[in-house]
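Here you'll find one protein chain in two forms, each presented separately as structure tokens under the names structure 1 and structure 2.
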Structure 1
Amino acid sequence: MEAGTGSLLSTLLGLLLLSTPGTRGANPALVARITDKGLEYGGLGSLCRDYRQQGHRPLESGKVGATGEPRAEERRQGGRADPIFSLSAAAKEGLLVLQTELQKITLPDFTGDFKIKHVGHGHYEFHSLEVQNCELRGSSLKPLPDHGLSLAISDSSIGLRGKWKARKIVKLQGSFDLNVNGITISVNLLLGSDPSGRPTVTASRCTSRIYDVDVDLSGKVGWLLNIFHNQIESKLRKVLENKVCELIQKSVTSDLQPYLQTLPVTAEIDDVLSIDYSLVEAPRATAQMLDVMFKGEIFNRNHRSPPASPTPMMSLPENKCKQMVYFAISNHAFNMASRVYHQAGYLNFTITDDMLPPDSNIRLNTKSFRPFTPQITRRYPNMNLELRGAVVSTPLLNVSPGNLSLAPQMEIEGFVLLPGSTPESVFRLDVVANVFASLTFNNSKVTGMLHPEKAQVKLIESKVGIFNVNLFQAFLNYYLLNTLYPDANSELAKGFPLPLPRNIKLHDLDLQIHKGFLYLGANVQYLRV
């Protein structure tokens, strides 16, 4: 299979720029590091309100297919949920669900007898309690070392309305409003991974506390208010606290876990490549960060075969993390993609005369090639030539501190285009091109530029006698520097979008090049619209 002349090196570096996320238990090719600063950003409660105001609905149970595949809407949007932010997104979605479900809870009636001095015995009943509003505020996520995440909700409130009636000498009745304030909720979210490599979550150690209950009764019944505070308030607190934790457990089991199961573990990159970004192990939590390790195996989408070599271990920096998120991308991900392209013949190319710059003094015909090999015009007078190039072995990206480079080794074969006959091979050349690359990131995409050195040419075989290698080397470098590399850089300058959720913007970008991997840090801004 052949590609256009601009596709060779642009494709190679394009693979490097892919921001997509080694077998379970193996080393990952991509690690997403979410710091405590990133988890706490903005407060989950405020983000939830923004999320809801933009028309997003909470997750609904039963919207996940039996196979755990994305819902129809997600497939229409490309079928990809961003795994880097999915855990935080799941928590945000879970809060929306919890807030919605709290407004649906049913509360028991509270009845009992009382005795009032100078009045005697009586009977009271507080009934038909309904939740009118619920606000979950002051929410935060923090890493829970060795387990997952700790979700804390503070300064939240629930408003209720109900009816009361009492019988002493006469029967009295009315309504009441109840404001439950200072609600705090704490729950641990234990993170794991299932056999398919999708993340799992379970709730553990849920506690809920209420610090203030304010009741407003209709009518002049101060004595009934005293009864409420003395006999009912503690019962109501306990019922509400238990209801909250029951709903959290239900929300995690019925909503968050199915949500995580919608995350695809493979995705198509193009017509040739797919990527497996299942988890290689459960997310790792320390006091300052959460590391999510993805397999990152790139394979031929039409014929998957085991990778040629295991993914090397990445030693991530342990210094203090200043940014909210970090992405570590192993050069092994690039090299796997490069190997697939090479095996599929995608790195082969053809150069014909119409591809040369119009002002080139050398054309691809036998007359113009006389300075390279004098005999070619005598044997093939006034005939066109074609150059076919193929990468001999998989070009491997070398990532070392401060440096990105690759040295593709190519073989170029010259053919004479015989009229009405099969092209005839007349020479073969070995070409080595050393290329350095630079990357530039902005808030939504990454761009690149190639900085090539002069290609070195050696003669493998000539069927037309003497061949001037140095002159051909000069011609080839002229073509590479004036046509192929500019075309490749033009494509790379368009940039490759970073796989970010909608309304997420990155800023304060920090790219570090370490031995064997790239390390990109960024702060996150949630755009409120």
Structure 2
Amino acid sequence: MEAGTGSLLSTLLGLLLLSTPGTRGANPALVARITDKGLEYGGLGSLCRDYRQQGHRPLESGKVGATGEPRAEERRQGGRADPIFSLSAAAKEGLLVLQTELQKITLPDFTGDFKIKHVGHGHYEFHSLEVQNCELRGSSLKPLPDHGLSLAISDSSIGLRGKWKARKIVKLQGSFDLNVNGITISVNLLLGSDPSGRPTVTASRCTSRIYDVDVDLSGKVGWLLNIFHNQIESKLRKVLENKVCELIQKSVTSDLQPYLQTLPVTAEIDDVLSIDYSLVEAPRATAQMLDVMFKGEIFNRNHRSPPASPTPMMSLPENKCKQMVYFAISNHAFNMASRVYHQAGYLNFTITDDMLPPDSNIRLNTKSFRPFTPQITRRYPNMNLELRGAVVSTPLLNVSPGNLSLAPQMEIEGFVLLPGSTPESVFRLDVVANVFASLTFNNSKVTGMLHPEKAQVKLIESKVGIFNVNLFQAFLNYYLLNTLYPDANSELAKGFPLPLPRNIKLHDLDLQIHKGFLYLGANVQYLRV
């Protein structure tokens, strides 16, 4: 059994558990909260019926069709309109997979002895068992407080076909049909994280009950064995009950766990930034939700160094959980990104004469700069200038209810490019800009936009006489508002990816701005690949 069953539980849990070793005791910068709505199956109905209606070919020799699952279009054409094509659909998918896995199961052969009164003992054998069909109904996935998740399936059924043999008293063989009804499975999944920070999943408790088994034997003298069908049925029932839980335990330990270990831990955001998604502690479950705490550390992917300050705690609201999933992103995450950019020198800029359009008669030289510094040509008659801007300290994002703001403080220094010598500094200006940011969402990315206010310019020093600060401020604002901010906005429009598996899309996004973090709620759509 491979990726099939693995993908069952991984699609359920893949949203939650992407990790590598994380630090213990730290606060997360990113929290994903799955509500019971998100875990609910809701309106699953009859999956197997669905499945058969799609005209899926009956099984042949234990093999299933290529994917074993009806394609998405087929399902849609089936006319079942799921009101919310939701995470429960992911669960549905999982169950479909479970079904097909069950169908792939090589059920063990049943052997046993039978006794006919006054005749003797015989030996029977059921082999080459295959699952014909199944119906998984009444399924639910709920958070289990202080534990993890609880998965339950009730009132389901399965149909098997196989061959039988009888020996000793009579030597007979034939085929049979077996229908198992009223299957109830209940599994508790314990979610934790191991000392190295990886998540762990264990099936801590598994019970299954089968209500009724119905056997129909065919072949010569099958009628004879039908006498014994009570015994056969009760034996089969016990065997199957054990098998189901065994199957689930095996799937969890040999498929899900290893799969989770292989999921990526860091994602690259752009040329400079990467984010670390490891868990800081075991996922926390309450009656209504499951919280997964990610480290959310943003670092320079070329040169990782520990963050300057620890992440402050986020107090998530205990609201009514109207949506399926919520993300809480601490402004600390943005500030870490900002610090990386700052230290990597990305927040610095230089303006030189060759950046002006070639056909412009106004150049970046001392002659053209006279409106701002009329006396500059006394000492530097006609030389090129260079403006170097540097952000003084890391701009920090201030998240407060209702708005996001940044107040970057820059220093612009003007240099005269002397021929054959190092550039000479001639003036320094202090520039403070207030920027308000708004966030929007677009296909599972967080995109931002800056709404700048005017920058304020002050003269720190001038070595070339009078400096027309007001005029410079007006031109700088013109440049910022017409060139720099639009360029920054087109970069921000590229977006910041949310930690989602490939097949998950978000809808009905709702952003709340709380003190110190952004709280984003959404409904989830599972896309079939």
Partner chain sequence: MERQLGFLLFLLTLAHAFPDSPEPCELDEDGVRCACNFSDPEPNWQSAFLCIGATDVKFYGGGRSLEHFLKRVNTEANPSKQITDVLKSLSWQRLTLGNARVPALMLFGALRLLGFTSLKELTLENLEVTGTALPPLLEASGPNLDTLRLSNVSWATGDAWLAELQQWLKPGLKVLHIAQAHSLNFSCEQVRVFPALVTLDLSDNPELGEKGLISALCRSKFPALRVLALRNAGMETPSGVCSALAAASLQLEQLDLSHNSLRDTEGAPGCDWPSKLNSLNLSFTELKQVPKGLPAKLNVLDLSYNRLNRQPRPDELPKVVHLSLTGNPFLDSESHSEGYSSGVVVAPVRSSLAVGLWATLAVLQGAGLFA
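For residue numbers, the reference is structure 1: its sequence is counted from 1. The term rigid core refers to the maximal set of C-alpha atoms that superpose within 1.5 Å between the two forms. Note that the coordinates shown come from a computational prediction; the quantities given were computed from them, not determined experimentally.
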- Item | Either 1 or 2, the form predicted together with the partner chain | 2
- Message: With both forms fitted on the core, check whether the Cα of D270 differs by 2 Å or more between structures 1 and 2.
- Response: yes
- Query: Just checking, between structures 1 and 2 and with the core aligned, does S330 shift 2 Å or more at the CA?
  - Reply: no
- Query: Would you say N489 moves between structures 1 and 2, meaning its CA shifts by 2 Å or more once the core is fitted?
  - Reply: yes
- Query: In Å, how large is the C-alpha displacement of C134 between structures 1 and 2 after the rigid core is aligned?
  - Reply: 4.8
- When only the core is superposed, N361 shows a C-alpha shift between structures 1 and 2 in angstrom of 9.7
